[in-house]
Each structure stands twice: as structure tokens, then as C-alpha cells.
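Listed next as C-alpha cells is one chain, alone, in the form predicted alone.
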């Protein structure tokens, strides 16, 4: 079974520590995506699993084997890189066969595996072409096919779609997801694009500055982010954060004041916040709607409007914080004019000054005197 386990894994370059004691369990057959901003350590972590980076401290397990110091060739893994890394003088068939040929595999076995990989990736009509005669998406499929023929226990993908245009990225996301369903192998995928993470993963690992911020399914991270960083990173467009001030708090509820004087009561454990604390009320762009028939209504000045056909995005500013609102596509919007949008408090998140999310059990608006 191709389980992957990391125990207290650390990576240092000289005195600089880039991965800080990471613990992670990946089950056999899972599609796990490492996601985070540039420099967060996601590719370094992947390369340590592959054996391409030395582990400074800690242990790496694949299946029942402790492979921390094993050579990459012994780990039963195959890696697809950001660059296609195809041999330009070889045909597609030769590129896919080469790895098996150098290990002395029988000719009939090579033909069988290449034929099967070509069928899965729809490369049958391209086998006689050289890389320069292929599109970017076709080259990436050949690079993936070269790993499939080896029949590894684990597939590792290091930002494989970043060199493709937007349409090809969508197409290849679908093809890689289908590939995972067909093969059932463990796949670990690195990207900085949270849309790729949300659409492809069984489990997402969100990294920041060499630490794991949260691990969970896409919807767990979307609905229950542990902190403001995860809340802002997962979801597109990103979550809005409205500044609020704590009026009072106890073990059962937190009462806050919005920038426009509206007072809200959120049912959550407020023992870790105090009167006067500056918090953030998180609400996603897609949870706004036009009109005022909801818990909270906000009037904003329309700064920029993006009309995408089926969706319209309104960009504005509230008390110095940028705000993005997803509006109905047929809503009439005029730049510079005020517009009222609403949302329900049940859709909100409350974040403390140190970015922790307070668990909101049930949210209701309250009259002004209730918060006095």
C-alpha cells in the first residue's frame, strides 16, 4: 500500500530553516494537493518525498518502509515536473519507452505498457511525432505517459500546468483527475493555484512559511478555515474581511460594531477576546446578494465592475479594506454610484486579531440596545 507519512520533517539550507517539523499522513489512493503562496515550501516538501532533496531532520515513510535516506530510484515514485523534460530528438513513442528500456524490461512488456498509457492519454495518433511537433498540452500528456508506463506506487506532480494557457489548464485538470480515477494510485500534486487544488484534490494541505496551516477536504477548508490566512487563500475571488470592533464578549456570544454603526451579535465563545479588540468579519463574495432582505445590508460605492457573462463582480472599498461582491449578471450597476448588498450572518466567519477563527454556531442580528 502506497501510504506516505512524514514525521517531524525539517529542511535547512545552512542556518536557514525552510521546513519546520512537518507531520503529515497521506493514505493510499488519495489525491493530495500541496497549495500555498510562492516560497511556502510546497515544492521542497514534494522533493523530499521524492528523494531529490535531503531531509535535515525527521523521517519519511512510503508504505511500511522508512525511506528517508533512500535514493529516488528505490522509492517506487514517478515525478512530473513543471518543464516537460522530453528528449527533443526522440519521438513520443521513444520518450515513453526509454525509461523501461534502460532498466532492461522485455520488449513485449514495454509495448504493452506504452500502448495502455497511450490509450489512457489519447496519444495513439501522436506516437511518431517529436516534441517540437506537439502543443503544450500534448507534451505534458507525454510527460505524464512516461511516468505511467513505469507503474509507480506514487505519482508526484510539481506545478505541471503552470506553463499552459488558461483553456489547456482546465482541460489538463480534467484529464489528470480522470487519470487518478482510472489508476487509483496515490497522487501528490503541488500548485500555487487554489482553483486547481479545489477542483482536483481529495485532500488539500495548505502551507505557509514552511508550516502546515490546515489539512482537509476542499469543502472543509472552504467552510471551516482555521484562520484568516486559509480563509483568504481558499476560494476565488478571496474572502472579504470587514473590520469590526468588539463591544462585549462572554463564553456564549460576541457583540461587535461594524464600520457603519450596525451592531451584530454572533453566537460563539468570546472568552479569548476583549472589549475594544479589532476583529475581522469574513464573508465570501458569492454570499452577497442585492437588496436588503437579510440579516445585514451594506451600501458600497461601485468602483469597478467586471461583467463575465454569467457572473458579475463588483469591486469597492469599506473602511480601507478592498471588497469584492459577486452580483447577479442582469443587475444594473453604475460606476461611482452607491449600491446596497446583503448577506446572512450564518455565512460569516469571525477572526481574532491574531487571525484565529472563532467558531460561530448561530448568528443573528440584534437591536442596538442589546449590545449597549
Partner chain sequence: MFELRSWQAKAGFIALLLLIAFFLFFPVYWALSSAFKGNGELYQLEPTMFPSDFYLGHFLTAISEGNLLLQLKNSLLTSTSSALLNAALASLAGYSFAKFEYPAKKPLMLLILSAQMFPFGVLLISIYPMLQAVNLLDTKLGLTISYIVFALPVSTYMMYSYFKQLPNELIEAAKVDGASNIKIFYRIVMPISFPAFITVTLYAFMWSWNDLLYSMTLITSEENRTVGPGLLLRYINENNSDWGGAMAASFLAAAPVVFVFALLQKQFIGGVTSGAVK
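Numbering follows the first chain given and starts at 1. The structure displayed is predicted, hence computed values, not measured ones.
We do not show the form predicted in complex with its partner chain, though everything after this point is about it.
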Discussion item. Does its partner chain, in the predicted bound form, lie within 4.5 angstroms of each residue among 83, 86 and 98, using heavy atoms as the measure?
Written reply: yes
Discussion item. I'd like to check something about residue 258: if you look in the predicted bound form, is any of its heavy atoms closer than or equal to 4.5 Å to a heavy atom of its partner chain?
Written reply: no
Discussion item. Residue-level contact is defined here as any heavy atom of the residue lying within 4.5 Å of its partner chain in the predicted bound form; does residue 47 satisfy this criterion?
Written reply: yes
Worksheet item: Could you tell me if residue 237 has a non-hydrogen atom within 4.5 Å of its partner chain in the predicted bound form?
Response: no
Discussion item. In the predicted bound form, is there a heavy atom of its partner chain that lies within 4.5 Å of any heavy atom of residue 195, even though the partner is absent here?
Written reply: no
Fill in: Partner-facing stretch of 214-222, 109-117, 144-152, 176-184, counted where any non-hydrogen atom is within 4.5 angstroms of its partner chain in the predicted bound form
144-152
Practice prompt. Consider the chain as shown here, without its partner, and state which of 79, 126, 283, 273 has a heavy atom within 4.5 Å of its partner chain in the predicted bound form.
Written response: 79
Item to complete: Using heavy atoms only and a 4.5 Å cut-off, determine which of 318, 305, 331, 52 is in contact with its partner chain in the predicted bound form.
Response: 52
Item to complete: Let me know which residues along 101-128 have a heavy atom within 4.5 Å of its partner chain in the predicted bound form, or say none if there are none.
Response: 101, 102, 103
